[in-house]
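In the block that follows, a single chain appears as structure tokens, in the form predicted on its own.
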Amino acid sequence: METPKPKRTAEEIYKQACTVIPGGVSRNTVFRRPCPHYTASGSGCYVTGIDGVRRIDFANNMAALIHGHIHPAITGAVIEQLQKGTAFTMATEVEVEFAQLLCDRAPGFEKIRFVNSGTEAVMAMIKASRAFTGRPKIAKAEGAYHGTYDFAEVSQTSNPSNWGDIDRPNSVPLVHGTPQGVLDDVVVFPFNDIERTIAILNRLAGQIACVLIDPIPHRVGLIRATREFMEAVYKWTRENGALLAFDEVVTFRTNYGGAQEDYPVRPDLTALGKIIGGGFPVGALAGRSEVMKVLDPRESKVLFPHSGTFSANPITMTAGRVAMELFDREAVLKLNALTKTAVARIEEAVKIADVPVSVTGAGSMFRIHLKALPPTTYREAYQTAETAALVNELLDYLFFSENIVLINTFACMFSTALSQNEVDRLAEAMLKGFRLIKPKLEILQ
């Protein structure tokens, strides 16, 4: 009989990790001092750490797990497909079935193509926009996160020392060594500011391929784009021959047909990811047939040749199809209602604790801000080092003392596995946490 391996502590695992992985992690979002938290397993809305502690998961792998962990229907379908094969140098029928399901879900999805991550979906969206328009530049909102593509990540972490005048926000690199040419081809505008945005776009109108917008950008503050702002940008793109490109990698969960359901305008292209993978790596680019034609290998000249070894692999397609079938209109409404209840309970805790805290969000996601008034811009939502430290202190309290997992931006992304019981636990824990940090929070104001 094989002797079972002795259980190791997080510190021991991390020590080894640092010898083979830069910083000991493969994604900086899970980095913590003195060491990351390591998970042993997950089930439903709970995760169990290697320390044996069971915690409620309100993060759901950065908004990717719409049905929580190991949903039986998804797991069963994936196991069945695993026994048939995981990837082939041929197409599979499930890709077509899943494509049809998603195209039926949103009116603007006339054609769709699958990739392997949200980053890759946004990258493909930018390249398709350039191929279609023949123009080099893109425009994006200051502070918005669109993955790790060079152009998409510009001004993602702008700060007071480098973001420049609000009338002409600087194009700020995220990664050291980003070519100047990349920065020159990204036009940055202030989210939800119609007058300034249109003025900025007008300066380079003939060179802009697309205006890239996340309708409810998490890093900007999880603030909805106003109807007026979206209509103004859409009108500008129609008048100037540019495309309107939506990043719905996170926001597609907010309605049955995504956040775009809330607006009278349709984007030309939409990038998808996270929940449509059913727990597996995924991305997709959807949009107007006329624009998507740049990818079509049947064309005499293919403007955007595109492939990917694991794109549309049958494991992800199977998991995604089942997950999105389960996330039907009724499930969306039910989850949104539960999230609305959670926000109300947290706002009640804010009043009881008498702390300067506000909540923003939409659908099944929300973010908590350590300020009395909810931010309306990226610059208002920006956290000082002192505020960020206090957020981390509160997150650690929730994790270690209340056994609750949140996203490191102090955000929650709900799954259908959650119930009122977990919402009550969250609200009670928040009240205790607010009371704990109240003295420090008042000093910051």
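The first residue of the sequence shown is number 1, and the count goes up from there. In this text the structure is predicted, and so the values were computed from the model without any measurement.
Not on display, but discussed next: the form predicted in complex with another copy of the chain.
- No residue of the trio E231, I346 and V350 has any heavy atom within 4.5 Å of another copy of the chain in the predicted complex.
- In the predicted complex, no heavy atom of H67 sits within 4.5 Å of another copy of the chain.
- Another copy of the chain in the predicted complex comes within 4.5 Å of no heavy atom belonging to P215.
- Though the partner is left out of this view, T254 does not reach within 4.5 Å of another copy of the chain in the predicted complex, counting heavy atoms only.
- The shortest heavy atom separation between Q16 and another copy of the chain in the predicted complex is within 4.5 Å.
- In plain terms, the part of the chain that comes close to another copy of the chain in the predicted complex, with a heavy atom within 4.5 Å, is 72-80 out of 72-80, 197-205, 335-343, 237-245.
- For the options R105, K127, R266, R224, the one in contact with another copy of the chain in the predicted complex, meaning a heavy atom within 4.5 Å, is K127.
- Screening P190, G164, P281, P374 for any heavy atom within 4.5 Å of another copy of the chain in the predicted complex leaves a single hit, P281.
- Residues R27, N28, T29, V30, F31, R33, P36, H37, Y38, T39, A40, S41, G42 of 27-44 are found to place at least one heavy atom within 4.5 Å of another copy of the chain in the predicted complex.
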